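The form predicted alone is given below as one chain in structure tokens.
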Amino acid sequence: MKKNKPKYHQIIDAAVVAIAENGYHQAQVSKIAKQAGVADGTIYLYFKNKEDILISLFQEKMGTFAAKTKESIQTKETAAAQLELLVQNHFILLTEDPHLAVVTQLELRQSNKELRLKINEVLKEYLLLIDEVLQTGVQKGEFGPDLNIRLARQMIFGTLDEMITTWVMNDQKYDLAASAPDVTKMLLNGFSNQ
């Protein structure tokens, strides 16, 4: 019920900004509350603690992103086109929300093991989506029948993840989304001249 209330999303959005600007460990609940324009106590009506806020923001943002991406790639006929749209959407999501990019690429990685395990649970939905694209490609004969789906997924996600981390570390000085076609081409063809 709380997730349907405007203040829940207001706090989530404020947490993204506060954590990106201050770092997870320095983003006290009071800073998140101030950013959200709510009293400190209001935070606790929606979240147990700061860790719950971080997990919830990742669930909300990643869940919405995975659902939108799944819906949009289903409009594409080929696995190659689906992969290109997935790469493009991944880059666009994070370039349109630079604070979220900082949180996902830097702050989430500094968290404790228990928190990372919870984050990985949320990430599974997105990784399964990549698996679906790859399985579609195998079924349609676009990709080889012996394609190692798990390894291919790790290569795809690892590439996207590294590209976004590099973009964040370089102060977002270039158009990351513009590289989506080249990234997709390399993922699909490697470095072959064919």
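In this text, residue numbers run from 1 along the sequence as written. On a predicted model such as this, the values are computed, not experimentally measured, just so you know.
Heads up, the form predicted in complex with a further copy of the same chain isn't pictured, but that's what we're talking about next.
Participant: So, a 4.5 angstroms cut-off on heavy atom distances: do all three of N112, N120 and Q154 pass it with respect to a further copy of the same chain in the model of the complex?
Facilitator: Yes: each residue has a heavy atom within 4.5 Å of the partner.
Participant: Okay, which stretch from 65-73, 159-167, 47-55, 135-143 lines a further copy of the same chain in the model of the complex, with non-hydrogen atoms inside 4.5 Å?
Facilitator: In short, 159-167.
Participant: If you check in the model of the complex, is Q172 within 4.5 Å of a further copy of the same chain, heavy atoms only?
Facilitator: Residue-level check for Q172: no, no contact with a further copy of the same chain.
Participant: Although the partner isn't part of this model, could you tell me whether Q28 comes within 4.5 Å of a further copy of the same chain in the model of the complex, counting any heavy atom of the residue?
Facilitator: No, Q28 sits far enough from a further copy of the same chain in the model of the complex that none of its heavy atoms falls within 4.5 Å.
Participant: Evaluate D97 for contact with a further copy of the same chain in the model of the complex, applying a 4.5 angstroms cut-off between non-hydrogen atoms, and reply yes or no.
Facilitator: No.
Participant: Any chance V183 has a heavy atom within 4.5 Å of a further copy of the same chain in the model of the complex?
Facilitator: Close contact exists here: in the model of the complex, V183 approaches a further copy of the same chain to within 4.5 Å, heavy atoms only.
Participant: Under the 4.5 Å heavy atom criterion, name the residues of 57-80 that approach a further copy of the same chain in the model of the complex, in sequence order.
Facilitator: Result: empty, none.
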